[in-house]
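One chain comes next, on its own, written as structure tokens: the form predicted on its own.
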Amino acid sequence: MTVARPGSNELQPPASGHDIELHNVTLRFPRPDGKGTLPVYENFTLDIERGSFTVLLGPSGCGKSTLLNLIDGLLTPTSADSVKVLGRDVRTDPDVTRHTAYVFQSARLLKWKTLRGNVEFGLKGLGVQPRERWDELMKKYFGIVGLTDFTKYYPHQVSGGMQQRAAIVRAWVNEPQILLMDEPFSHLDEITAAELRRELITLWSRDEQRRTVVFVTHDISEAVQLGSRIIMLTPRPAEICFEQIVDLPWPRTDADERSFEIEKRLRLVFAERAGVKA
């Protein structure tokens, strides 16, 4: 059983210690020509521990983003023994996803609202934070990502990197227990992306009780810089072909010899098992 902590919006994790439990998940999409189905997952199983920074690494089109959508209840599997978030099956208890947040590839900010207005919209929509905390929360998270002086600006008045910072604030301000991130830095230049990776790790690591992050990428270097656990997927129907625990302190850089060795190993495995030249 999963229960709320006294005086908190958070749910206690199940006894297993896993915030996410996907067991024997099968997902097939109908083919456009009506001839059968396209298998994305077949009896797929993955458990994700609370407080981990798990990176899903795999070739384009293997179903990484689809997996996030299953976790967030945006897709229903064809069949599954369980699709549990914080001990609750999202198919029968979709309200549990109020304790998750999603950061997409693009910022998806409302153009007619300021950066602050976009974050307020997220607070109002989810409804997990009391209104009296809104100012405190926005001040805290806008400050951490360096947007304190830009809260009254509209999205078109700031850079793409600043828009993505605001999108991260919109997700984090609700203080979710689980953060789902779908290649959030893939469209940014490398300098900006590197800055945002550092800021993300700062956000994640500063909390005494770390939130659970599931981060999708096809960039091996990014995976090594961020992840505490890297899950490598094959082309669909996707299977886990390799796992890598990265027990190195943050922040990490390409210049770190230990990071570089892990990256080399992953590139070899990526080519051998995922069928991709990396």
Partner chain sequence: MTLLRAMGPLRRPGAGVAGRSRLSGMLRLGLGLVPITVLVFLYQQLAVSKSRPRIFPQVGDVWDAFYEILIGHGELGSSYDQIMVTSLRIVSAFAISFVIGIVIGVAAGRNKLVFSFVENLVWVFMAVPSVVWVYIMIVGLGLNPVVPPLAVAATVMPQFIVLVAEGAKSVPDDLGEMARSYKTSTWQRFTELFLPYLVPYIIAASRTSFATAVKIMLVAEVIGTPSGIGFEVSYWDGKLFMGPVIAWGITMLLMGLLVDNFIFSPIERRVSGWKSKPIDAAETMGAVI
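Positions refer to the first chain, counted from 1. Predicted model, so just to flag it, every value in this text is computed and none were measured.
Same protein, other form: the form predicted together with its partner chain, not shown, and the subject of what follows.
Put simply, Gly143 is far from its partner chain in the model of the complex: not one heavy atom of it is within 4.5 Å. Although the partner is absent here, Gln177 is not a contact residue: none of its heavy atoms lies within 4.5 angstroms of its partner chain in the model of the complex. At the 4.5 Å threshold, heavy atoms of Asn69 reach its partner chain in the model of the complex.
Shown alone here, Thr78 lies farther than 4.5 Å from its partner chain in the model of the complex, counting heavy atoms only.
Using a 4.5 Å heavy atom cutoff, Tyr102, Phe150 and Gln157 all lie near its partner chain in the model of the complex. In plain terms, the part of the chain that comes close to its partner chain in the model of the complex, with a heavy atom within 4.5 Å, is 113-121 out of 135-143, 201-209, 81-89, 113-121. Taking its partner chain as it sits in the model of the complex, the stretch 188-219 comes within 4.5 angstroms of it through a non-hydrogen atom at just one residue, Thr192.
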